[in-house]
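Encoded as structure tokens, the following chain is the form predicted on its own, with no partner shown.
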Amino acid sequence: MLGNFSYCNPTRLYFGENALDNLGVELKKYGANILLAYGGGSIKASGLYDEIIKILNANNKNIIELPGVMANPTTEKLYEGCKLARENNIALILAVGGGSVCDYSKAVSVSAYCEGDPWEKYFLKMEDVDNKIIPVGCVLTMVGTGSEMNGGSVITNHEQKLKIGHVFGDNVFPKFSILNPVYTFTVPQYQMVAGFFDIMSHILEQYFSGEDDNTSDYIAEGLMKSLIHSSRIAVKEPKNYEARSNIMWTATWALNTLIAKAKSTDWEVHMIGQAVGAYTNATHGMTLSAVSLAYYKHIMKYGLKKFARFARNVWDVKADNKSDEEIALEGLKEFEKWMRDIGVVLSLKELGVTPDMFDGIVSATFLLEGGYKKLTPDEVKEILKASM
């Protein structure tokens, strides 16, 4: 039975090869001072930077640049962006890049006018935003996080060895996002497949939780099947437009809050993965792939019927005369086969994790109650050992 919930997603999406044509339409809604946030040199090498600068100039905008947003945005970079935003009376933050740039821009949007330390207030204490919020728009160049259509933001504090995400309300969602699959063609293979797994993990975190057999589960299964099909094409043909466009669209729907409705949601794989990331600075999607199999094998018995359904409906495992446990295990084997097919990391060793890090990673892992089993610190350590 579906419970009570409300749903709102205020982000306007422009999708397709001509999506950037709509940037000028959106810019007319905002004041003159634009904070242009981006990562390294990839958007300059691809020519996208020049296109965006041309559109900004055509709309008489004052451009304040904020380059160098890293894959795991840090508190230091957050404070830098906040200072720029305040000093220049920014009317819109335009994030050009992947999910990290979008995440970072949302963090700056809520933090620039925060009274006190935004890291402590919004990421440690998880308080609601009670100050001025700067609007954000996104031009996406890498898929995976779904940050283009949600209120999520993840920031890393290296000094405290913590990587924490805060899911803000719909007033922090990007006002618009421009999604052109062609912009994702130049992403290196390692980053591309890490993004693919991040998409899968987002769906699984919501699927393996809460009430079963509802509309959200059927949507999730369809998204997973689409991702599996298209990702296998994309690793062989990275510039296959149909595959990359379907993956881009799947990534957005995987985490725009829709399939979370009527679900408690788990997110423990992300909690462990983010703790690993805080210690290693490893690529986010790969921290998730490294721990997922061990985690799901550990909790499978607590949600056995759902794992058997996952095997049947997503991986086409035949029930025959098998037990639910046999079906579920066969499904996880098919899951692992797909992971190997696309080339994601399957071991924490590959990310530089060593046993002496275990205690620190365990202490940095938030233990949540949304999944089929709330872990203990000892169980987290066992999962880390199994992931080596």
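Each residue number is its position in the shown sequence, starting from 1. Remember, it's a predicted structure, so these values are computed and weren't measured experimentally.
The same protein also has a form predicted in complex with a small molecule, omitted here; what follows describes it.
The chain is drawn here without the small molecule; in the model of the complex, the stretch among 330 to 338, 25 to 33, 64 to 72, 343 to 351 whose residues come within 4.5 Å of it by any heavy atom is 64 to 72.
Interface residue among S177, S100, S231, S209, judged by heavy atoms within 4.5 Å of the small molecule in the model of the complex: S100. With the partner omitted here, the residue from G152, P118, P135, G81 that has a non-hydrogen atom within 4.5 angstroms of the small molecule in the model of the complex is G152. At least one heavy atom of Q191 is located within 4.5 Å of the small molecule in the model of the complex. At a distance threshold of 4.5 angstroms between non-hydrogen atoms, Q274 is in contact with the small molecule in the model of the complex. In the model of the complex, at least one heavy atom of D198 sits within 4.5 Å of the small molecule. For the chain shown alone, A294 is not a contact residue for the small molecule in the model of the complex, no non-hydrogen atom being within 4.5 angstroms.
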